[in-house]
Ligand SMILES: Cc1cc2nc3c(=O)[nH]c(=O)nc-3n(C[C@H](O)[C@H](O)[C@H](O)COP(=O)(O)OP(=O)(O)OC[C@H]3O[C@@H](n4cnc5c(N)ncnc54)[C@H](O)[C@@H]3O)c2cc1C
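One chain follows as structure tokens, the form predicted alone.
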Amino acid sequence: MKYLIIGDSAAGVNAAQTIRSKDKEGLITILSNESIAAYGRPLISYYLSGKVLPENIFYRNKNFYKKEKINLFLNTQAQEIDVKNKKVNAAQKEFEYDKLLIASGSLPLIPQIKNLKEQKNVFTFLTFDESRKIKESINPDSKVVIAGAGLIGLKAAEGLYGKVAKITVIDLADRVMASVLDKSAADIIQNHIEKKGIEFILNKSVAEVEGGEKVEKIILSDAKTLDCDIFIIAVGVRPNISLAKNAQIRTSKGIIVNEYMQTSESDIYAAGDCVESLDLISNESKVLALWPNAVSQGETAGANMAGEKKLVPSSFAMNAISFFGMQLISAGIIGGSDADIYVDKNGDKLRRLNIANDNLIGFVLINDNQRAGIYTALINDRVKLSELEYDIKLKDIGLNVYTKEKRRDKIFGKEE
């Protein structure tokens, strides 16, 4: 059996490892458009800051591919899937497959900005190579402008802190991490980061850039001008679906898959940030571009490619991140006009619960993460809150929030 995987990050690597655990002899090949083997993408900001050395960024140890008998082709961009002949064209070569996994991840969104082209000091912040290029380009006098106050932009700012003269973060929204946080939670994060000397300009966008081979000035939508030595674009990502789309595989915002991670072509699977999956809470098909989801989807795809029948675990949006030591965990649906929102705020701590139809459907915790696992379980298990021992709005909840019978099931497993 010939297994071919496009993409060498969380989904691709876990798929390959799962395949090998079930098929000891099959030929496994991974095509990667990156220059190094699989690494922890969340670590690139720590590499930028110097807290993580390049040799410690890898997702698997250096013997992984050899041990698992996986053929890895780096700097190999997949260009076309030939569905009829079961081949992938990449780097002027043809790779045959019996089973194919598309784990092509995400691409950075590039907004329409007047005069923006491929200037030497313009970067995105999604890969190790981009992080390395930024690190090589900055100096202590650099003035850095970051477009985007979401997760990627804020982690870029944290990685650059102390390495450059000035960091300015711009966003069209009225708050940081607008897709995840409401204003009260966002203000806590913003105030904490501002104490490090990082400037925010909100409710504005980048309209134009000026300069020759390099961007020298940023012109905002209100005509304000900023000096710029390094310009980082971090306004978001989009699923990388062009290979699938061009091969007439069913797509929408992402690649459409079934509960086995199988695409509209029976021998082609997809997993990770490039796919749409069912959101447990909203019951809608969404792109849930999260590392844990990519891992579980890759494992599911790998098992099914190797002949098993395995269903993908349910999933919903969740983020666990820190900014300059401030812990943030968010999960599920954060807003909603028909929800009962409970907020407990004390200084730089916040607990925000989103309750609808007797279910916890989302939460935000800032510097108050001890019960995140309980809240996540309540969402995942779709527990009716009225059946619990006491009100989850009480601060010190634990497993004792469940009834005695439910606690036993949680600890020892449910009896059949």
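We number the residues from 1 along the sequence you see. Just so it is clear, the model here is predicted, and its values are computed rather than measured.
A second form of this protein, the form predicted in complex with this ligand, is not displayed here; the remarks below concern that form.
Q: At the 4.5 Å heavy atom threshold, is Q262 in contact with this ligand in the predicted bound form?
A: No - in the predicted bound form, heavy atoms of Q262 and this ligand never come within 4.5 Å of each other.
Q: Is Q77 close to this ligand in the predicted bound form, meaning a heavy atom pair under 4.5 Å apart or at it?
A: Yes, Q77 is a contact residue.
Q: Is V180 part of the interface with this ligand in the predicted bound form - any heavy atom within 4.5 Å?
A: Taking the distances in the predicted bound form, the answer for V180 is no, it never comes within 4.5 Å of this ligand.
Q: So in the predicted bound form, does A11 come within 4.5 Å of this ligand, heavy atom to heavy atom?
A: Close contact exists here: in the predicted bound form, A11 approaches this ligand to within 4.5 Å, heavy atoms only.
Q: Quick one: of C228, L243, I189, I329, which gets a non-hydrogen atom within 4.5 angstroms of this ligand in the predicted bound form?
A: Result of the distance check: L243.
Q: Between the options L350, L378, L31, L48, which residue brings a heavy atom to within 4.5 Å of this ligand in the predicted bound form?
A: Looking at L350, L378, L31, L48 one by one, just L31 meets the 4.5 Å heavy-atom criterion.
Q: Select, from the options 158-166, 196-204, 134-142, 101-109, the stretch whose residues sit within 4.5 angstroms of this ligand in the predicted bound form by heavy atom distance.
A: Among the candidates, contact is made by 101-109.
Q: Hey, which residues along 266-292 are within 4.5 angstroms of this ligand in the predicted bound form, non-hydrogen atoms only?
A: Stretch hits, in order: A271, G272, D273, A289, L290, W291, P292.
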